Each structure stands twice: as C-alpha cells, then as structure tokens.
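One chain follows as structure tokens, the form predicted alone.
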Amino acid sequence: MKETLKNSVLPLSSISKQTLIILVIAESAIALLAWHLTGNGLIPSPLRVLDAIIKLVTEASFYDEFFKSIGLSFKGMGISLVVAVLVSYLSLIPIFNPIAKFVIKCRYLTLTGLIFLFTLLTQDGSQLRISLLLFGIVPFFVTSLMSIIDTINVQEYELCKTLRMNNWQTLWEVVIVGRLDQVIEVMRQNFAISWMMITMVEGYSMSEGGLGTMLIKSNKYLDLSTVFAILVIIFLIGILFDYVLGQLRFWLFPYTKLQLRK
C-alpha cells in the first residue's frame, strides 16, 4: 500500500488499474465536496443539478433536442473526416500542397466575423450550422493528419521503392493503409472539438433546436440548475463517445494496444 501511494506521486511511474479507479473516485468526491462547499445561492449545488438532470431526462422534449445535437455532430464529423482526409492525402501531390497549408492556417480565423458571410452563402439554418461546424473542425483535422504524415519514416518510402512500387502504390500502402489506425485516433480527438462546438453552432440558428438552444434559453432566464444539468449531460456524453471511439480503434486494430505504455 505504501509503495502504491509512493508510485502515485512519482513521475513516469506505473500504477494498477484498481489504484487508478480508487484515485478517480477519491478525486471526484473531493471535487464534488469542493463544489458543494464553495457554492452559494446563485451557483446551484450538486444535488440541485442532479434534480435538474432527472427532470430533464424524464421529459420527452429533451430527447428531441438531444438527438438533433447528436445527428448534427455525427453529420459534421462525417463530412469533416472525408474533406480532411482528401485534403491531407492530396497534400502529398505538390500542386495541392499550398491548398492544404492554407486550410491549416484557417484554424486561426475566428467564426465571429464570418457568420454574416456564411449566412449569405447558405440557404437555411441547417446548412448554416453544418458550414460553421465544418469550418471549425476541418483545419484542426487536417493539421493532425498532416502531422502524422510528416512523422512517417523515410525508410518506409524507400522500402516501397525497393519493392518496385510506383508513387501511387506507395501512397496507398504507407500513408493510407499504414496509418489508418491513427486516422481513427485523430477522429476521436477531434470529436471533442466537434462536440464542444455544438452548443455554439446551435446558438447561431436557434430555430433548428438542439441542446445548444436549450442551454441558451435556460441561461437567458437564469435557470442555472438547468444550465449546469445540460452541461453535465454534454460532458458525460462526450466522455462516452470518447471511450467508444477509443475501443473501436482497439477492436479494428488490436496491435495498437502494444503501442501503449503500460
């Protein structure tokens, strides 16, 4: 026990899964206690938030808004994945490389000044939401994918040349097939960006509904218990999808478990 406690505070040390679970439970309990003690009349206590969550999940209208947000997120992630993968792979063709570089730099642009432009270019609120979501996700997606491509060892390309593969075959074997597991990992990481942006994007077109619309309306009327309840639900759903995507990678590519540091 003493050795376990010592390892838990030492850098680069390993602990058992049981010890990790105990630490998570203990630190979560401390965080909830601190929240309860530091809260005041304006900030709802954990119990009030829990009551608001129970009330929300028992309302049929909540699930309508919930699935709207889920659908928007999945649609945005699907389109972003296709666009980002195409841009990243085409970046290996010199004529398309400047386009990929420009897409990466677009991550420094803010949506605030571009909403009017997107409003003019789209036909309805649904298209506006998707456009804003894509603009927010794709540059980060492309950045992550191109960083993976840049770290490929030159020896892998040379090996393909010794096997008499042409450039297109090398691209397929080394970059596309050889790094497919990392594409799923990038998708898992960038899903967090997509899910985080959902409420903001839905706030720009409230007529389409969604959790973001519920959040903004509750915040407008200072219904902070509901606001915190929605935030907790969004947080938990995000953790769930993160776990599912991580397990999907292990299921499709079991060898990736060997790359993890124990």
Partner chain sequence: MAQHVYTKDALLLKADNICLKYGDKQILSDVNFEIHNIQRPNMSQGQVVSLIGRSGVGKTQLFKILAGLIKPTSGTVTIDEDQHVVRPGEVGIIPQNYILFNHRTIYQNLKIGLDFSGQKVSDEQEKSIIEDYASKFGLSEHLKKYPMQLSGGQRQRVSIIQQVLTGNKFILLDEPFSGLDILMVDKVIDLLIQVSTINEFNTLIIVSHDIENALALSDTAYILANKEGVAGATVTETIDLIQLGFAWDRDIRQSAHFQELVAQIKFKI
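Worth saying up front: this structure is predicted, and the values here are computed from it rather than measured. Numbering follows the first chain given and starts at 1.
Although it is not shown, the form predicted together with the partner chain is what the next lines describe.
Using a 4.5 angstroms limit between non-hydrogen atoms, Gln169 touches the partner chain in the model of the complex. A residue is said to contact a partner when one of its heavy atoms sits within 4.5 Å of a partner heavy atom; Leu159 meets this definition for the partner chain in the model of the complex. The partner chain in the model of the complex is approached by Gly178, whose closest heavy atom lies within 4.5 angstroms of it. Interface membership of Asn153, defined by any non-hydrogen atom within 4.5 Å of the partner chain in the model of the complex, is confirmed. Looking at the partner chain in the model of the complex, residues Met165, Glu173 and Pro254 each place a heavy atom within 4.5 Å of it.
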